[in-house]
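Shown next as structure tokens: one chain only, the form predicted alone.
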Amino acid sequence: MIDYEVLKLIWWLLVGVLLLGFAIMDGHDMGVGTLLPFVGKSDDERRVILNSVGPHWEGNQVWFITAGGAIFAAWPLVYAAAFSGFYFAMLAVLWALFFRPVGFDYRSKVADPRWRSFWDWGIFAGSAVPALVFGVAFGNVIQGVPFHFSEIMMPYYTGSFWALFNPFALLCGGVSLTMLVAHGANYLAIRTEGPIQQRARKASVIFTVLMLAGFALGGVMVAGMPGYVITSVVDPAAAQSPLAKTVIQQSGAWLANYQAYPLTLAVPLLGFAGGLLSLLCIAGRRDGLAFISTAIAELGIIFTAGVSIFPFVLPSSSQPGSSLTVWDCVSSQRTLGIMFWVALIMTPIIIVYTSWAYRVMRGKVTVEHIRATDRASY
């Protein structure tokens, strides 16, 4: 059996990989949906945009579901504390997501322009709201979430819904939204041609620049905000209770990992390098490479958050001693071990099947194609 401490680190990486998979796969769907009312200037063009992601968007939801399920199974205390604290924010995401399947399936079944416009904006909301709220959630995690545990390990959230939308969290939400929209714009440039492709390339440049600016500003703000430090010397193997440690706030603590392990600086550099490379690829009309580049940027940005706060997973601002770390928020060794082997087998299968599906469905979607397959297309 794999050592327990190694399993804890493996699952920290695996959760990050699942979140990255969600950002790359479901993220470009959300980016395309966010651009729908703006890049598509006519009904036919908007149908082209919808059908560019039509064969895959439902399948890509597996990354979202799997990431949530993995957090529930591997980090049950994080799931309990975060989902109770972010309850209304997660409900907003859920309500927004309702518009996506209904919008895709029913938008083009009625020829009334008002009907179709309503669902275009519904798909926009169902794509933009989750992208924004997920970033806001990350921003609050970095600052610390106001929660604590009772003696029987029941989580209590002491903040408010509106407090979640503070300036730094909104900045993180903006980075998340622009990141996914830039990624979606690059995918749209691959699958379309003519005016739609040109507008998608322009959108890619705009949102990539905004993503890079927001990421840089976020780094400056993180450097000036207090982080969290474990001060008690506790053997990680014995720290099964989050309350078995002492945690304090300390200025500049979120930069400590980069100072202690300089190689970790490569992670945020990937975020900037991916964005800059995307701009160069778009300028050279290398849309496929631009898509890969924004995926690299997503890797850098998502893992920058994880590396910065490591070993914390969900720090507590109201009672720092209740903060959850990689070492004390996890399930049992047997649970993590079984899930590891399941993930080791199933993740490559999902990747291979997804790659095959994208290969089969590759090619340009055009207005002529939509008109020729009117009843079979979204």
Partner chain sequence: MIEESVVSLSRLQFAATAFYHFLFVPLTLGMSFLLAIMETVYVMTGKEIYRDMTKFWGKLFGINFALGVTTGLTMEFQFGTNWAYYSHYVGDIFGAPLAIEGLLAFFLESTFVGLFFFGWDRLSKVGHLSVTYLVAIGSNLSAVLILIANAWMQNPVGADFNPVTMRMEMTSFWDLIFNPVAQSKFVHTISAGYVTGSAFVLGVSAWYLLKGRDIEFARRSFRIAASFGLASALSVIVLGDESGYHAAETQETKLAAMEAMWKTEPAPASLTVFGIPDEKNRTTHAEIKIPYVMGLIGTRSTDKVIPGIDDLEKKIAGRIDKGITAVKALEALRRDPKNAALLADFTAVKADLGYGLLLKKYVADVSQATPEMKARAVDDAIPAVAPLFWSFRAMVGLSLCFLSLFVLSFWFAARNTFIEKKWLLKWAVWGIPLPWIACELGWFVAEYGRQPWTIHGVLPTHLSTSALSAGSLLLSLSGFLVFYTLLLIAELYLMFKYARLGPASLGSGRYHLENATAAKGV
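The shown structure was predicted, so the numbers you read here are calculated from the model rather than taken from an experiment. Residue numbers count along the first chain shown, from 1.
The same protein also has a form predicted in complex with the partner chain, omitted here; what follows describes it.
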Fill in the blank from the handout: Students should find that, of 115, 272, 168, 258, the residue having a non-hydrogen atom no more than 4.5 angstroms from the partner chain in the predicted complex is 115
Exercise for the section: Have a look at 337, 311, 68, 321 for me and say which one sits with a heavy atom within 4.5 Å of the partner chain in the predicted complex. Expected result: 68
Handout entry: the partner chain in the predicted complex: contacting segment from 195-203, 137-145, 290-298, 91-99, heavy atom within 4.5 Å
Key = 91-99
Practice task
Report yes if all three of 211, 279 and 368 come within 4.5 Å of the partner chain in the predicted complex by some heavy atom, otherwise no.
Solution key: no
Problem - Partner contact for residue 58 in the predicted complex: the partner chain, 4.5 angstroms, heavy atom - result: yes
Exercise for the section: Tell me, yes or no, whether residue 249 is in contact with the partner chain in the predicted complex, where a contact means a heavy atom of each within 4.5 Å. Expected result: no
Problem - Exercise: residue 162 in contact with the partner chain in the predicted complex, heavy atom 4.5 Å - result: no
Practice task
Please check if residue 285 has a heavy atom lying within 4.5 Å of any heavy atom of the partner chain in the predicted complex.
Solution key: no
Fill in the blank from the handout: Within 60-92, the residues having any heavy atom within 4.5 Å of the partner chain in the predicted complex are 61, 62, 63, 64, 65, 66, 68, 69, 70, 72, 73, 76, 77, 79, 80, 83, 84, 87, 88, 90, 91
